[in-house]
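Let's start with one chain on its own, the form predicted on its own, as structure tokens.
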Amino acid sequence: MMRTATLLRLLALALLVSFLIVPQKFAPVFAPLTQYGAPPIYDQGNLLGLAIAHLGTVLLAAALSTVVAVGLGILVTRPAGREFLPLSRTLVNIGQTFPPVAVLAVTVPLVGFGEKPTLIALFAYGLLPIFENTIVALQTTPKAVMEAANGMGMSAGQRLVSVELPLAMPLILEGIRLSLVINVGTATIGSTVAAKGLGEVIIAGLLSNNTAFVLQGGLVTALMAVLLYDAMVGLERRVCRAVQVE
């Protein structure tokens, strides 16, 4: 079963890379979806470049969300910062309450068109799962482990770095995984404000009534999300094994 799953992942990765590098080879597959001689493969930009730009925006937003969400999670689980938990939770939830399209509408007048408003929208949208998972992970550290760390004379900072965060890492990574997968799809809306990404392919298909373009943008986005999900699951398993060994 594991070998079959691995083979399917490798096949999906090979298919994705092949399509992005030599998309014209797949023209016969998409040709039946076109009408009136429309091109079967997106030809208004480089698909590989758009996919890389799309992924880069998502990863940068995830990195920023992780730093802020984990930092806030650590702060509100310390004795000195517990009073800020309600406020922090409210602020983080705003990112999920406001649709990304609304965030784009607000940020474009402030920072202009392009990648910046998309980055802000994805950053805000990705905070909640990482923040909540960080809090749960840090609050559920086994008391016996904490008592052992105290018995060894560890300071609060040493306990956090050497004990709490390593034990919390699998759950934190799960939050990052959810944030990443959600934002891979959400990032397509960035093309409405001139950000480079796969949404450009989908929008071009909708405007020209070319189903082939829409399907190409959707399939590439979906494959990227699935492969990222699997990669994060593999990383979580490795971290879990490392924590158990220690």
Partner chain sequence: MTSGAINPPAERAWPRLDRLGTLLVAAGAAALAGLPFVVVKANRLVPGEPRALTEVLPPTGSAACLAPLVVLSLVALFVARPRLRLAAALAALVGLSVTLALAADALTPPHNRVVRIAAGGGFWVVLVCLGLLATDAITRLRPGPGRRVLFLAGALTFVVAALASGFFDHLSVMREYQVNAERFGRELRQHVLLALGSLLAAVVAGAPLGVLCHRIPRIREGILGTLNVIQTVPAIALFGILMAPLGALAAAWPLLERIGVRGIGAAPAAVALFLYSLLPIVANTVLGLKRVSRAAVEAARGMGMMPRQVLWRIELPLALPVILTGIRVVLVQNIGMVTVAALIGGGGLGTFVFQGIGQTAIDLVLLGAIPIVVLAFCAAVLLDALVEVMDRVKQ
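The term rigid core refers to the maximal set of C-alpha atoms that superpose within 1.5 Å between the two forms. These numbers were taken from a predicted model, which means no experiment stands behind them. Numbering follows the first chain given and starts at 1.
One more form of this protein should be noted, the form predicted in complex with the partner chain, which is absent from this view; the next part is about it.
Trainee: Is the partner chain in the predicted bound form close enough to Pro79, Leu87 and Ile202 that every residue in that trio has a heavy atom within 4.5 angstroms of it?
Mentor: Every residue of the spot touches the partner chain in the predicted bound form.
Trainee: Note which of Leu48, Ala63, Leu215, Val29 lies within 4.5 Å of the partner chain in the predicted bound form, where distance is taken over heavy atoms; exactly one does.
Mentor: Exactly one residue meets the criterion: Leu215.
Trainee: Please pick, from Ile74, Val136, Ala105, Val145, the one residue with any non-hydrogen atom lying within 4.5 angstroms of the partner chain in the predicted bound form.
Mentor: Looking at Ile74, Val136, Ala105, Val145 one by one, just Ala105 meets the 4.5 Å heavy-atom criterion.
Trainee: For the interface check, one of 79-87, 114-122, 168-176, 136-144 should have non-hydrogen atoms within 4.5 Å of the partner chain in the predicted bound form; which one?
Mentor: Flagged stretch: 79-87.
Trainee: Quick one: is Leu206 in contact with the partner chain in the predicted bound form, heavy atoms, 4.5 Å cut-off?
Mentor: Answer yes; at least one heavy atom of Leu206 falls within 4.5 Å of the partner chain in the predicted bound form.
Trainee: Can you check whether Ile94 is within 4.5 Å of the partner chain in the predicted bound form, heavy atom basis?
Mentor: Within the cut-off, so yes.
Trainee: According to a 4.5 angstroms non-hydrogen atom cut-off, is Pro39 in contact with the partner chain in the predicted bound form?
Mentor: No, Pro39 is distant from the partner.
Trainee: Using a 4.5 angstroms cut-off on non-hydrogen atoms, would Leu15 count as touching the partner chain in the predicted bound form?
Mentor: No, no contact at 4.5 Å.
Trainee: Who in 122-154 is close to the partner chain in the predicted bound form, meaning a heavy atom within 4.5 Å?
Mentor: Heavy-atom contacts to the partner chain in the predicted bound form: Asn150, Met154.
Trainee: Given a core-based superposition, decide whether the C-alpha of Pro99 shifts by 2 Å or more between this form and the one not shown.
Mentor: Passes the 2 Å threshold, so yes.
Trainee: Say whether the C-alpha atoms of Ala195 and Asn93 sit closer together or farther apart in the predicted bound form than in the form shown here, given that their separation changes by 3 Å or more.
Mentor: So the answer is farther.
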